[in-house]
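The chain below stands alone and is given as structure tokens, in the form predicted alone.
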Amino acid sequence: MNTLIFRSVAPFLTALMIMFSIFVLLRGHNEPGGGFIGGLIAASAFAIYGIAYGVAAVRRALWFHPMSIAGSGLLLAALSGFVSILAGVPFMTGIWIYPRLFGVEIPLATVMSFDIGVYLVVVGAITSIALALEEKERD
């Protein structure tokens, strides 16, 4: 399966899938999609890149260990819930703020930070599993 055509297309396909996963992540705030589906798409992109170029190339592309990414996502998701406790409402209640950036009002919510945390957990965990399986297969 490691053909010249596949190796030529893999970087473009990976970049396209990562962009699409971010689109799905951000779209899921108000419509179907979200952190879990976006994370699966991103992990699939890294798996394709790993099949084409090997585990070492994916590890270089990620910068951080996949389980560190999953851990930071879990921390972000948990902190998103604790913000509501600090605001005096039940755990995991959505809190919105509306800061202005360059004269444009930007709505930010703890719901979105929770989705980003889930995205990171899924990307980190699934990519870690895929890389471990790919390493075993190549041995």
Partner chain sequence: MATPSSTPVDLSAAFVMAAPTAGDWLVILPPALMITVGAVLVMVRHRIRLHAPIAIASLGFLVFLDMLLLWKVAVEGPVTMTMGRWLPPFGISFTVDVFGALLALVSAIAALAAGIAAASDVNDSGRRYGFYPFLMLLMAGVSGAFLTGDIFNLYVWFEVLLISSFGLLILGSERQQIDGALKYGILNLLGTTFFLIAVAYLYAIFGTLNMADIAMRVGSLQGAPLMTLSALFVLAFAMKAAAFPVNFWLPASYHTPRITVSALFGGLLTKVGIYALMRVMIMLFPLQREELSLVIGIVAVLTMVLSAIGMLAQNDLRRLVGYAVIAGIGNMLAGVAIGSLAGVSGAIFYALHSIIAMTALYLVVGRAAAISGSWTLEGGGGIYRLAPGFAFLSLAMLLAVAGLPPFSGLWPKIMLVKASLDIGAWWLAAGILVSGFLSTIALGRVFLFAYWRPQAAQTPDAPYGPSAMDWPSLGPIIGLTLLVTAFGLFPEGVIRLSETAAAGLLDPSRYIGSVFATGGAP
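In this text, rigid core is short for the largest set of C-alphas that superpose within 1.5 Å between two forms. Since the structure is predicted, the reported quantities are computational estimates derived from the model, not experimental observations. Residue numbers count along the first chain shown, from 1.
The protein also exists as the form predicted in complex with its partner chain; that form is not presented, and the subsequent description refers to it.
Not displayed here, its partner chain is kept clear of F36 by more than 4.5 Å at the level of heavy atoms in the predicted bound form. Its partner chain in the predicted bound form comes within 4.5 Å of a heavy atom belonging to S84. Though the partner is left out of this view, T93 does reach within 4.5 Å of its partner chain in the predicted bound form, counting heavy atoms only.
When contacts are judged by a 4.5 Å heavy atom cut-off, S113 does not count as touching its partner chain in the predicted bound form. Residues of 111-136 are not found to place any heavy atom within 4.5 Å of its partner chain in the predicted bound form. When the rigid core is held fixed, the Cα atom of A56 travels less than 2 angstroms between the shown form and the other one. Relative to the superposed core, I97 undergoes a C-alpha shift smaller than 2 Å between the shown form and the other one.
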